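Listed next as structure tokens is one chain, alone, in the form predicted on its own.
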């Protein structure tokens, strides 16, 4: 990413300059990356109208034409993978290795939905010898895609790929804290798409996001973010009676039984906390460890946490980067202080990391709490930072009760060598994704979404085409004579 860029909303393939801007700040060192022009209601309306115009032809394109465009987007990403990854790291502070992985996941997502729509078939249903139905899927029109700041490129692909595959045009609203990467990506995607098929609007969620969700020209909203914000967006969209997909907060539990492969469980207990500095909606921020192995496992975990390398996310040796900004830094530190005050045992971290680049950014030492009980805020509320709470359990029933004892239900994991136990517990856990002896392995084709306040709908799988389609039943009589009804 070039420094000192002036970027902003993209309407009909071009950047639009407005009166107001905000600074794009690097979480790594606090430096200014550039400035982003802020939309008003007029720009939101212009973006939607542009996409409505583009939809006249794009909505009539063939499945093969759309698939080819998606493959072109994948080719653009593959051809300049390192540049896209560097944009993501500069804007979000996640490690460069993780950003490369995310861009690869984007490539797979666009290719996956290209193959889904290329091989799509409508359904023929025969009622009897005299009549039948043809079930077809038609695009909705213009859809609004509202993104978070933690994994902007990847989450754009989760939404944009199926939206375009189904024949819709899209207006994307990136998070203010990670707008540059999405604008740069959308500019490059213009090479593969007709003007207006993909537009971008910029600004705060409270103004621009809400204006997009409530615009009468929008036919669907897909939102990823906090449960509170998702509830507000869903209510606004509901006024226009349009479908909404919400991928929201989480407080996922990893349940480690005494017979688990503890070496593997140890690594995957750390991964969701170190990755993106724990700023992952599905991060397993609750670790439930069986009594018989609790002390030994927690001791090993502490040693690992103490040795994690915190620093510059552009350095491949770095294992934990910064949180996104001061607001998030203060929130996470508040939870850490609250955990200590509630009686949890601070085993590692719990402080700001200083020295070198860390003096200029928002770095928190990976924090490990033991002695956590389910009633503590750090055990029940989404922290969205590098904080792991370890809780004890004794029986399988205890583990399920504790794991399900939150308002969230996004992800969970079961660690055991007993396949029968693995299946029992997986079915009992209230979560949209349950990993067995694994974590965070979610590729194209694997449905992703939550139970309870973790959201509504699913992403990643071919079923999402239905979410971006009007499903029409055409009932046909195969006889010509008049029936003797009256």
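Remember, it's a predicted structure, so these values are computed and weren't measured experimentally. Numbering follows the first chain given and starts at 1.
The same protein also exists as the form predicted in complex with a small molecule; that form is not shown, yet it is the one meant from here on.
Although the partner is absent from this view, residue 88 stays clear of the small molecule in the predicted bound form, with no non-hydrogen atom inside 4.5 angstroms. Shown alone here, residue 363 lies farther than 4.5 Å from the small molecule in the predicted bound form, counting heavy atoms only. Heavy atoms of residue 223 reach within 4.5 Å of the small molecule in the predicted bound form, making it an interface residue. When contacts are judged by a 4.5 Å heavy atom cut-off, residue 335 does not count as touching the small molecule in the predicted bound form. Relative to the small molecule in the predicted bound form, residues 147, 229 and 281 are all within 4.5 Å by at least one heavy atom. With the partner omitted from this view, the residue of 370, 249, 311, 196 that lies near the small molecule in the predicted bound form is 249 [heavy atom within 4.5 Å]. This chain lacks the partner; the member of 395, 119, 354, 204 within 4.5 angstroms of the small molecule in the predicted bound form by a non-hydrogen atom is 204. Listed stretches are 77 to 85, 336 to 344, 376 to 384, 287 to 295; the contact stretch with the small molecule in the predicted bound form is 376 to 384, by a heavy atom cutoff of 4.5 Å.
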